[in-house]
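Heads up, the chain below is alone and in the form predicted on its own; it's given as structure tokens.
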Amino acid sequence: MLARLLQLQGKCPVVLERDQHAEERPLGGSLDMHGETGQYAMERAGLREEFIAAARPEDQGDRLYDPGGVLLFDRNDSTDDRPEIDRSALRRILLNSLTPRTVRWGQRITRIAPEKGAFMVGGSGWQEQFDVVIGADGAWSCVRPLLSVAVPRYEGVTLVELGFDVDRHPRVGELTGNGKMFAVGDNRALITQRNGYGHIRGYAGVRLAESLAREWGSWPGENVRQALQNAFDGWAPELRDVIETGEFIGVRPLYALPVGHSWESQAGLTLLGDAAHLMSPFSGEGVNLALADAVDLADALTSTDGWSSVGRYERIMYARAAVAAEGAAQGLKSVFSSTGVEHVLEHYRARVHE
């Protein structure tokens, strides 16, 4: 998004991407795009029509079950201004909007060093000098250590990601409805989310020690599945069906940067997105914050005020991210608790009356 916005202002950014190509790895579940941030960024990027064509306003529903399979909440309102879009579709729209050869695939960065007022960036067998380096490189950013000593901390919860084809898993489709399903109880949660093209993405979440979470990450999928079956023993059969039938995708321990993470502004270096404010997905703000960052940073980089405008961007970003990060931390704590289902039900009921 940042590259697109800079190109619209006549700049020539380079995107260094470690993936070998756009389809190298699964990109996770569907995203809800908020009007004042994510959708606004698409508007600023001149991509509103492409977004509308790929978005799914019909998939904004919410369902909540208790561990016994009792449906506690069911709301399906396609008039909400937070339409869903698949991550792959959003990424494709943005990639297609860039001029050819903007993205340099297979460029894993292993070193960044100041050099004569600029920065030398390199990897295995290559290096190049850049005036400005922007870390948009996620949780384990290699740019962030040049600005901050903060490191992501494990949040105590691990999600196991699962995939479903609705035609082959109609029971999971019925359970999910049009949108997202939560089943919550005693520090555990099952989540399914309708994606495009007849797919559903699922997550089984449990509280685990970090060492055990890493161990799960090294296990074959069927071993992880067996551990989940034990963890969700006693839950309703239709809920356990999510664990027992889903295609294993991966183990996702949840990490976050400290709430209010910031750094001393340094000319030529800055961050956006998860590299700047990694948080759990339980505020639903990640992609929207990242796209809002891109809008504000593009404006700063094309300002006539020099690097001081980037310092202003950073302060705006800190404040915006801190609110969302606090909400994400509280959301995670509430869901993965002994009274998690009550907290989620209260949250959903409050949204109805907003």
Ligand SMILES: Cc1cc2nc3c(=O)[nH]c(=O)nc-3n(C[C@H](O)[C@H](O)[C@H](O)COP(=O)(O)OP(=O)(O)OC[C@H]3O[C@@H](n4cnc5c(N)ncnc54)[C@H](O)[C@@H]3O)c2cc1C
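None of these values were measured; they are calculated from a predicted model. Sequential numbering from 1, following the sequence displayed.
Beyond the structure shown, there is the form predicted in complex with the named molecule, which is absent from this document and is the topic of what follows.
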Quiz item: Check 67, 189 and 206: does every one of them have a heavy atom within 4.5 Å of the named molecule in the predicted bound form?
Solution: no
Exercise. Look up in the predicted bound form whether residue 91 has a non-hydrogen atom within 4.5 angstroms of the named molecule, and give yes or no.
Key: yes
Quiz prompt | residue 108: touches the named molecule in the predicted bound form, heavy atom cutoff 4.5 angstroms | solution = yes
Quiz item: Should residue 246 be counted as a contact of the named molecule in the predicted bound form, where contact means heavy atoms within 4.5 Å?
Solution: no
Quiz item: residue 18: heavy atom within 4.5 Å of the named molecule in the predicted bound form?
Solution: yes
Exercise. Identify, from the list 272, 257, 228, 172, the residue with a heavy atom within 4.5 Å of the named molecule in the predicted bound form.
Key: 272
Quiz item: Which one of 328, 31, 42, 294 is close to the named molecule in the predicted bound form, taking close to mean a heavy atom within 4.5 Å?
Solution: 31
Quiz item: Just one of 234-242, 210-218, 149-157, 129-137 has heavy atoms within 4.5 Å of the named molecule in the predicted bound form; which?
Solution: 129-137
Exercise. Would you mind checking 281-299 for residues with a heavy atom within 4.5 Å of the named molecule in the predicted bound form?
Key: 281, 284, 285, 286, 287, 288, 290
